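Shown here is one chain on its own, the form predicted alone, set out as structure tokens.
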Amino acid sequence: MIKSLRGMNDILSEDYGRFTYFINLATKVAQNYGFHFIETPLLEETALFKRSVGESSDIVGKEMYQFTDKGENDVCLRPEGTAGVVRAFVQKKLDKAGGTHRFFYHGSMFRYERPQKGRLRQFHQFGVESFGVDSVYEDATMIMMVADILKKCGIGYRLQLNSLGDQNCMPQYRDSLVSFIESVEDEICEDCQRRKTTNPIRVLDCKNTHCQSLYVNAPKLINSLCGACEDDFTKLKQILDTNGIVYEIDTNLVRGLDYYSKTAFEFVSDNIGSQSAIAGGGRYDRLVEFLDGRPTPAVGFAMGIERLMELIVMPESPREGYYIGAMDSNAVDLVVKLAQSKRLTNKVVCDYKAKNLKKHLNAADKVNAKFCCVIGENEKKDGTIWIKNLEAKSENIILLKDF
């Protein structure tokens, strides 16, 4: 028997209901904030992610589904959504058009990593990207949008916040961090030793427990911010305070991708095993420039849908639509015709097999229909149909022409 690949799951029945409920809810929130849908390809040039996500990241270094296609192109399945949206933004010359451009997207991402609860090799993200707004108010808006989505889903969270500085304050901090790393280099893992050269700040994101214990004493970027970055971070905290968004400062929060600067944030849930990020993002003002576009301020976030699935509090689904079935084999053709006409304006489930009333009622209940409608030998002869309102628990027989 052929099975799905490890870490690549089917979405069926109840999971599908939760999945589509979340997509519809998050879409509505994003639209309420003035964002528009964008769809980018699943397959992109590998160079896109090497130049944006960064070769020092685990994603590029270890996790991408990368291959050479039949045209000898070096391509990969997208491991995250932001880089593709930025590529589209530049390719469509929106960077040269000026103004503000706000997008949301959802879809599959692919990373070859060890599958575990809430972490798959094919997973789904809902993401938002904003271009052209050089204001910390837009950063705060992103955070408030995530908070709105999680609140509507009934999901509790803790918000962690940090500032990663910019090109004015980062170089000096990087030098002091490298000096610290070199002082403990014999004790840190191989990944951190590699990152010391490629992107030192990423060591703070290391998941190795021993490394984390060493980095408690590392210099903090938040103490090395330039005046402009410090003012922005202070203002961000003030906006969140004013709007009732509770947060905590995490000086080791750097995010997992190389393109972030200034604001970085993660929403963490304590209800899916160990502490786990369920959403995260930040500002990436230089990424458009890295991908050959005009310098454009940008900020965004992404949410891992699989990590949210079991946390979503689903509303009770109201009964809707019709279930139509036959009690006599001679009535099946009539039942199909009625179902087809009803589908012009209603949700209709039709059963093609003749069966007794009890079985029809059970089947109607399983599909959460509001009305169970049945035609037997007598109903066909009389030109009527038997209807039960499963919500009101009432029964009636009416003429087919009235149905």
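All values reported here derive from a predicted model rather than from experimental measurement. Quick note: we count residues from 1 along the sequence shown, nothing fancier.
There is another form of the same protein, the form predicted in complex with a small molecule; it is not shown, and what comes next is about it.
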property: Contact residue in the model of the complex, from R255, R174, H101, K196 (heavy atom within 4.5 Å of the small molecule); result: R255
property: Among the candidates Y323, F233, F89, Y105, the residue which, in the model of the complex, approaches the small molecule to within 4.5 Å (heavy atoms); result: Y105
property: is_contact(V128, the small molecule) in the model of the complex, heavy atom dist at most 4.5 Å; result: yes
property: Partner contact for F301 in the model of the complex: the small molecule, 4.5 angstroms, heavy atom; result: yes
property: Exercise: R307 in contact with the small molecule in the model of the complex, heavy atom 4.5 Å; result: yes
property: 4.5 Å heavy atom contact, Y215 to the small molecule in the model of the complex; result: no
property: Interface segment, criterion being heavy atoms within 4.5 Å of the small molecule in the model of the complex, picked from 182 to 190, 216 to 224, 109 to 117, 202 to 210; result: 109 to 117
